[in-house]
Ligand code: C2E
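One chain is shown next in structure tokens, namely the form predicted on its own.
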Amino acid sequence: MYRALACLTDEHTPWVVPLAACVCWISCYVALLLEQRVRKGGASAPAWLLAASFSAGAGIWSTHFIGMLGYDPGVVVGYEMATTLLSLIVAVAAALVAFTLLRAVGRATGRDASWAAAIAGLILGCGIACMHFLGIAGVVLPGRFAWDPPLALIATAIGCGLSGAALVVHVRGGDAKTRMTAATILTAAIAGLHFLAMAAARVIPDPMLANPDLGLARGALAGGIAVMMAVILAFAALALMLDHLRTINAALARQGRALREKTLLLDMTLDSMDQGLIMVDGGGLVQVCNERALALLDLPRAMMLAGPSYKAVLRHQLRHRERNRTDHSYRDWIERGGSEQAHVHERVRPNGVVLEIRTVPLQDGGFVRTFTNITQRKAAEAEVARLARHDILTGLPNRGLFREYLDARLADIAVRGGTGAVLYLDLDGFKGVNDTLGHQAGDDLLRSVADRLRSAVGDGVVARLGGDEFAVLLSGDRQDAIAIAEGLINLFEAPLWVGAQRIAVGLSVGIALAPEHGASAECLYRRADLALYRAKAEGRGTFRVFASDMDEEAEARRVLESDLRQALADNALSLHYQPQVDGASGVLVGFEALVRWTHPTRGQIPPSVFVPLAEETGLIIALGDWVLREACREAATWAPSLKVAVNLSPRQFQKPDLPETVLAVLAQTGLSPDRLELEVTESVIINDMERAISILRRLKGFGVRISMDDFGTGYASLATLQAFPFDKMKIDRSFVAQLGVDPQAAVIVRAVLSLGRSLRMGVVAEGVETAAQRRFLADEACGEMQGYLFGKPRPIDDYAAMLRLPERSEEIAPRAVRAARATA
């Protein structure tokens, strides 16, 4: 080690070592760069192999002789030309063999590539050693070299080992950082071998060779080294330039591929668009036309490939259009060039296709035009517009379209004179069809009715206003309107076939005449409706023409409705109570609450007048809630054994919170739920069975009793009893009144009582007015009775004596019987 350090410090000029290292590193880096191009293959790979080998060999040779130029053994040194050139050839040959081996393994990876690189490195290391010792052999000096064999072997081993490591690193990566690392290791191999080998050599002077022929001069050698470095740098510049060009070409190729892919993608996108698209440049030439545009506009593909002007396209369309018809506006549009900017319009092609044409201007004076097939959309819009003005079920005009026809007719009458008539039609018995046969049958019936009306009215307008209400607009006078009304009524005297069923319905008609009964649609509507109301009130299946007294009647109903609202607000109504007694003992078991109204000016108004009015106007809900609350408040003060019965209207069942309302009333008044009995009619359940049953079950779950009122008068009483387990059912007074008069009435009452026992339901007979009726019902084990025989509906104060001692009520029946006999 001391010898190696002494060689560097004492026998070499200081500036030579870094210069030799720099030249060595540059030549190694260039050689490895060129070798990398060799392994990429191609037609120029052999040339690059030679260049890489020369760069490596020349670098090794130049490094050696730069070191030799700075070597000072203490004697004059010269160089033999043949041996010196031979050393260069050996270095280049060793590099050629090593790089050829690397090229042979080519695309090998992993362990195989590393082993091949290591072997190539050993070959290169051996070549470095051979070149060095040949170079030393070519040195001419007055003496000879004496060698230190162990140090020479160490130098050779270091050179071979580092060379193998350098090429292993080199083949494992292709980036500049890896290449720089490999060049550094290879430089250490060359420089290490050179300086250690120089340390292993020692000059021994020989007086016999005091003036030898020094051969190649030091200046010539330096020139040769400079030439070698110039060649190496030229190779480096060429490699870098080619790499740069290759990078540029690769980038251009990538951009070209990307552009082609984008162009292809754009073409695919344009051709897959649902819209047709044509782009026209500032000169009026078509630059882009997708497949959809060709299809929508029936354009020849050959014509579009030729890049025609847009005017040529339009003229082609005009010729195609004129085969069917002449469209002057379209012709004018074409002659202008058809290039209105930022414009949207629609065109109907001869084949019926509707196109929406949208134009967007471009900065160069051209434009982009899109063509959208909106045929289906226009058809859908037309259908929506039709549905908005027509009834979906029957296809007849609806209320809105009928109003338009009526307004137009009234305007014509105002300008030209003439007459007209509005007929309001309502089916008699339609509700029963819905209740018994279902809504599907009802819909089929309405369609059949619409067909009959359409065929019978002729030039008149038939409309469906909603439900089973229709309207007819006629242009004739009173006699024409009456004749049409009579014809329509007669038309429905025969049953209609709906599917496999014959359904009988009637028709009621109200007539209002224009201008006799009004010059506005609202006035005619109202008066035709009043006439229809009169026709239905006077027996149905008939017609009525509006008369002035109908307005008076309507005004009276309106005033009565207003007074009823005020009476509810002022708490001016009252409750009367009718006793209900045990059928066997006659003991009082409770009362039925019945509402009464004493008008401040008209006196007592019968429930048969104001209750239907409340049903029609919706006041029945507020009225029913008031009756329920007042009856429960009153009953809470009675003896605990007495119950109270309250009627519920069908309209009240339209409230989803009815059970909560009843529960709140019971909580406010303190009445036990089992003392409240709610009476409902069968129509409550038939109108919406699922909803009604749900509400009744919730009420029964609270402990409230449920009774079916007027049993036997509905359409499907037995089915209703099966659908919901009622606590009681009330025999309608019409059957009780016939006891002793009509034998069939007795049979019906016995059947109902038997049915109640079988279903374990209580039975209440209402309308008991005679002792004979009472005896019959008692003999048949009727559970409870109610009627004038036991007491008329009166204020609760009239029954005050029995409220605390209900057992005294057994005297009610004997007194009532005696009073009846005395009256007789």
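Quick note: we count residues from 1 along the sequence shown, nothing fancier. Just so it is clear, the structure is predicted and the values come from calculations on it, not from any experiment.
Keep in mind that the form predicted together with the named molecule is not shown, yet the notes after this line are about it.
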If you check in the model of the complex, do Ser649, Val768 and Pro793 all have a non-hydrogen atom within 4.5 Å of the named molecule?
yes
Heavy atoms, 4.5 Å, the named molecule in the model of the complex: which of 768-776, 59-67, 46-54, 754-762 makes the cut? Say which one.
768-776
Just give me the single entry in Val97, Leu277, Leu594, Leu134 that has a non-hydrogen atom within 4.5 angstroms of the named molecule in the model of the complex.
Leu594
Interface check vs the named molecule in the model of the complex: of Arg399, Arg202, Lys700, Arg733, the one with a heavy atom inside 4.5 Å is Arg733
Is Leu410 one of the residues lying within 4.5 Å of the named molecule in the model of the complex, judged by heavy atom distances?
no
Taking any heavy atom pair closer than or equal to 4.5 Å as contact, tell me whether Pro607 reaches the named molecule in the model of the complex.
yes
Does the named molecule come within 4.5 Å of any heavy atom of Asp710 in the model of the complex?
yes
Is Val611 near the named molecule? Define near as a heavy atom within 4.5 Å, in the model of the complex.
yes
Does anything in 784-799 come within 4.5 Å of the named molecule in the model of the complex by heavy atoms, and if so which residues, in order?
Gly787, Tyr788, Pro793
